[in-house]
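Take a look at this single chain in structure tokens; it is the form predicted on its own.
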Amino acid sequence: MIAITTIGKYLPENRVSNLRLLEKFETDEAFIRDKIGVVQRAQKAPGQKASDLCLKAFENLLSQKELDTSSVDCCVVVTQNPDLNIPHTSAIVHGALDLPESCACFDISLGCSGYVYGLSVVTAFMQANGFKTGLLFTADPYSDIIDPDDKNTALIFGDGATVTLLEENQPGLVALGYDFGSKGAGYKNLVNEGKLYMNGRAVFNFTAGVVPKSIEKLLQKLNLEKSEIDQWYLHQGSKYIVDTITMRLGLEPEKVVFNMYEYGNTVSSSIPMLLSDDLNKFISGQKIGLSGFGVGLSWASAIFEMK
């Protein structure tokens, strides 16, 4: 049994206010708060790279739990904005943390669905190889690829990173099942060709169409009712998309977590960023739902139970 036992996070102290951009983008405060859901965005220092953000998240993890780094069996980084094309960012993190040479390292190139995919990949990898301790990092510093004059992206994305400690036979969140999917034919609706481009309407329509179906399919597969899920953690794409999924699934709004007003959409870090605040509050038997969606176009949903 591989469980999520601790989550560390990092958000840069620097913030960029969207309220100062109302005139520039010809919008109003209601749109910022109620539709986008991002009042200000976390922004890293110009010289910081994905690995630097990962190391900061690891510092936060160590402030919560003692960890003998010599016991780490695998180190995986989810990012589509790596430090360099070569080598993989996980190798840079590995060296900086002085992890053992026996530690397996690789990156996963996924965006908004990356955390849920990563949990499945790393858990299976650990189980297949008899590993007991794994680190799953997420870091996508989008401020390096955002066009500050593009209303479709400039008001949404923030920088941040997380690290999830996965351990064998320890109390924590354990996966009950997953659902995955892709619509690769729509990849051009969210693409980086020097600067990030997003067709917001197309991405919204994709998400609103596939995510409720994915969650319904997964619940049916696990023979669970929506009412049995105690909390939902949806990718923080925007407040409007989270509200739309909540409505289409008929979820109780108070069970759906939303909190990116003060830092923005942190891509693969958005779900673990939320989970890091609640992980210690769960009691044995509680179930939570996760769903990430976006770049690819890709989606991944999961149900976890506290063991």
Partner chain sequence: MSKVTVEQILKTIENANLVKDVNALDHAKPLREQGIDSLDFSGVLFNMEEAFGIEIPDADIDGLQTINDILIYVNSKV
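Model, not experiment: these values are computed from the prediction. Positions refer to the first chain, counted from 1.
Just so it is clear, the following notes concern the form predicted together with its partner chain, a form of the same protein that is not shown.
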*May I ask whether F31, N205 and R248 each come within 4.5 Å of its partner chain in the predicted complex, counting any non-hydrogen atom?*
yes
*Residue among G95, P100, G184, G209 with a heavy atom within 4.5 Å of its partner chain in the predicted complex*: G209
*Can you pick the one in Q170, N199, S120, S109 that has a heavy atom within 4.5 Å of its partner chain in the predicted complex?*
N199
*Interface membership of Y261, its partner chain in the predicted complex, 4.5 Å heavy atom rule*: no
*Applying a 4.5 Å heavy atom distance criterion, does K255 contact its partner chain in the predicted complex?*
no
*Can you pick the stretch from 276-284, 31-39, 59-67, 44-52 whose heavy atoms fall within 4.5 Å of its partner chain in the predicted complex?*
31-39
_Within 4.5 Å of its partner chain in the predicted complex: residues from 219-245 (heavy atom criterion)_ = Y240
